[in-house]
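The data below hold one chain only, encoded as C-alpha cells and taken in the form predicted alone.
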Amino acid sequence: MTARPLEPGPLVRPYGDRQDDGVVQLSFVLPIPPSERAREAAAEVARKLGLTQVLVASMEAAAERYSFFVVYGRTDVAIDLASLQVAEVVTRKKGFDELNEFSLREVGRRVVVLGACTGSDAHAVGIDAIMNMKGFAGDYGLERYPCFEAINLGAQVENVELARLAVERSADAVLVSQVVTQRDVHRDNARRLVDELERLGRRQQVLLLLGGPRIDHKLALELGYDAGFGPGTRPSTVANYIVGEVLRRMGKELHG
C-alpha cells in the first residue's frame, strides 16, 4: 500500500474531439452577474491558466451577482505515465462465498467492523453503500457478510464516541465516511478520530479506513489512516481489504 510507479507507457494528452488535441473543459463560478464583460472575464481566467483557443460555451446566473461558466480551451500539457508515483490500496480479491468461508476459517471468529459519518457530517449515503446489507451497484454491503459483525452507526457520530465504541467493542476496523469538505473540515475531523484513539492507547489495535468523494489513499495515509477509498468503491473491495489486513496482522496472508 505504498506509492509505486506505473508501467512505462507513452505520453498522454487531454482528448476532446480527436486524440491528442489537448482540448479540456473547465467549469467555475465568478462573483459577477452575467454580461459580456463577465464572459470575457471567464475567458481571461482560462487564458491565465495557460489555455489557448478559449471558448466560453455557457454562461448562466448561479445566484444573485454570480455567474457559472463552462469554458473550453487547448493545452500543450502531456503526462509521462512512467514518471507517476501512485498510492493505491492493493487487495487480492475473493468472491462473496469464498471470502466468508476463508475468513471464518483463518481468522477463527467474526471480524468486528464499525462504520460512521463523524462530526457534523450528516451525509450517510456513502457509509450506507458500504455497510448496509443491500450494498451498492449489486455488490453486497458488509452487513450481509457472515464473516463480519458489521455495525453501521449512521451520521453525525462524535469522534470521541466512535473511539470509545471501537475500544468497548474491540473493533478490528473502523470505517469513516467524510462528505462535507468545505474549508478542509474533512481533514480536521478525520484527524480527530486518530488523535482520540492514540489518546486511548488503541490506535495500533484498530484498522482505520477513510472514504468519501474527496478521499484517496494518499490523503488517508497523510491523515493517519491505514487506507483510503474514493468514489465508486465497491463494498467487496473494502471487505477483502479488511480481511487481508486482519490476517496480515495475525501473521497470515489472504491466499488459498
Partner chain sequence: MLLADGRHVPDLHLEPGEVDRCRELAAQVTAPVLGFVAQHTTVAIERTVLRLLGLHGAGPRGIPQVNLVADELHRRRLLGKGAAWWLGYVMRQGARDPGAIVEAIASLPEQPAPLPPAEEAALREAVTRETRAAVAELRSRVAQRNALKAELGTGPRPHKYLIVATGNIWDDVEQARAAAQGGADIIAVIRSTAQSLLDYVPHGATTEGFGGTYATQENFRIMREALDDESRRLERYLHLTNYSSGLCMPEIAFAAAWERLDMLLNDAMYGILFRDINMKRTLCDQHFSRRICALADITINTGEDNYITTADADEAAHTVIASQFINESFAHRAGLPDRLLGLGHSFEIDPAREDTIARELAQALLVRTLFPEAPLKYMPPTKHKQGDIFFSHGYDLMADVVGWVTGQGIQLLGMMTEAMHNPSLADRYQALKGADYVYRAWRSMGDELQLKPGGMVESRAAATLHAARLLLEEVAADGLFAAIGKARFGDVARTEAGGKGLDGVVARAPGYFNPLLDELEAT
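So that the term is clear: the rigid core is the largest set of C-alpha atoms that superpose within 1.5 Å between two forms. The model shown is predicted, which means the values in this text are computed figures rather than measured ones. Positions refer to the first chain, counted from 1.
Note that the form predicted together with the partner chain isn't included here; everything after this is about it.
> Does the partner chain get within 4.5 angstroms of any non-hydrogen atom of Arg65 in the predicted complex?
Yes, contact at 4.5 Å.
> Though only this chain appears here, would Ala122 touch the partner chain in the predicted complex if you measure heavy atom gaps against 4.5 Å?
Result yes; Ala122 sits at the interface with the partner chain in the predicted complex.
> Even though the partner chain is not shown here, does Glu44 get within 4.5 Å of it in the predicted complex, heavy atoms only?
Close contact is absent here: in the predicted complex, Glu44 is far from the partner chain, nothing within 4.5 Å, heavy atoms only.
> Would Glu36 count as a contact of the partner chain in the predicted complex, using a 4.5 angstroms cut-off between non-hydrogen atoms?
Contact with the partner chain, no.
> Mind telling me which stretch in 216-224, 203-211, 24-32, 47-55 gets its heavy atoms within 4.5 Å of the partner chain in the predicted complex?
Every other range fails; the passing one is 24-32.
> Which residue, Val185, Val167, Ile151, Val160, is the contact with the partner chain in the predicted complex, using a 4.5 Å heavy atom cutoff?
Looking at the other structure, the residue within range turns out to be Val185.
> Is any part of 218-238 within 4.5 angstroms of the partner chain in the predicted complex by a non-hydrogen atom, and which residues would that be?
None of them.
> Comparing between this form and the one not shown on the rigid core, is the C-alpha shift at Arg65 2 Å or larger?
Shift at Arg65: 2 Å or more after core fit.
> Is the C-alpha displacement of Val194 equal to or greater than 2 Å between this form and the one not shown once the rigid core has been superposed?
Shift at Val194: below 2 Å after core fit.
> Does Val24 move appreciably between this form and the one not shown, meaning a CA displacement of 2 Å or more on the superposed rigid core?
Shift at Val24: 2 Å or more after core fit.
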